[in-house]
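Next comes just one chain, in structure tokens: the form predicted alone.
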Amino acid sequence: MLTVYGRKSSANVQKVRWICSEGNLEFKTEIVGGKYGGLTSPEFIRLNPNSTIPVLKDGDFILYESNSIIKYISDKFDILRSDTQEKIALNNQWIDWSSSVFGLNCSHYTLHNILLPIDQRNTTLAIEAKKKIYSCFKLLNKQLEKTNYLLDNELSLADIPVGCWIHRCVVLGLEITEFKSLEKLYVNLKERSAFRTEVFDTPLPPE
């Protein structure tokens, strides 16, 4: 059985749980991180010396970094695998972008809206992150004008991380209704039981 280490409110943990559920894989979750602590324990550091979540345990094999984990699960268990080198490259492109651009700004916005103590929140940084997020919405909306999902009309691996961050933005009150194609993607995702269970129905950090 696979073991996923992390808290359910983490968007990066949600990526892993979502693809596992999408493929009907049996897995269990060890709650760690955030208000639950445990990231600096000797036991966890042996799993991931970076003290970050998620971590995947597959038998004796240990893997950290959420994007690497979802690629590993996709390849090993044949879940949302691409059938051409071009699609593999495009999936990787969007997965990288989801972390280095979209997810980074979503994390900053989350930090300065709900995670940090009120006296440590920086309104200027939150506003700047919000502007960048709306630029991401615009880019995604353009990409989705002709397809139901990021690459085509079927769910792909690229939709997993992007979908997690879109949901985070929505629950934090960022409006997507003016971006009709992006809103369509979100509607499509909410129709998937794995997304509803592992992303839509989960709490916000730090829970």
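What you are looking at is a predicted structure, and each value in this text was computed from that prediction instead of being measured. Throughout, we count residues from 1 along the sequence that is shown.
There is also a form predicted in complex with a small molecule; it is not shown, and the following applies to it.
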Please pick out the stretch from 156-164, 65-73, 170-178, 143-151 that is in contact with the small molecule in the predicted bound form, where contact means heavy atoms within 4.5 Å. 65-73
Within 4.5 Å, heavy atoms only: does Ser21 come near the small molecule in the predicted bound form? no
When the contact criterion is heavy atoms within 4.5 Å, does Thr29 count as touching the small molecule in the predicted bound form? no
With a cut-off of 4.5 Å between heavy atoms, is Leu182 one of the residues that contacts the small molecule in the predicted bound form? no
Contact test in the predicted bound form: Leu56 vs the small molecule, heavy atoms, 4.5 Å: no
State yes only if every one of Gly103, Thr110 and Ile133 has a non-hydrogen atom within 4.5 Å of the small molecule in the predicted bound form; otherwise state no. no
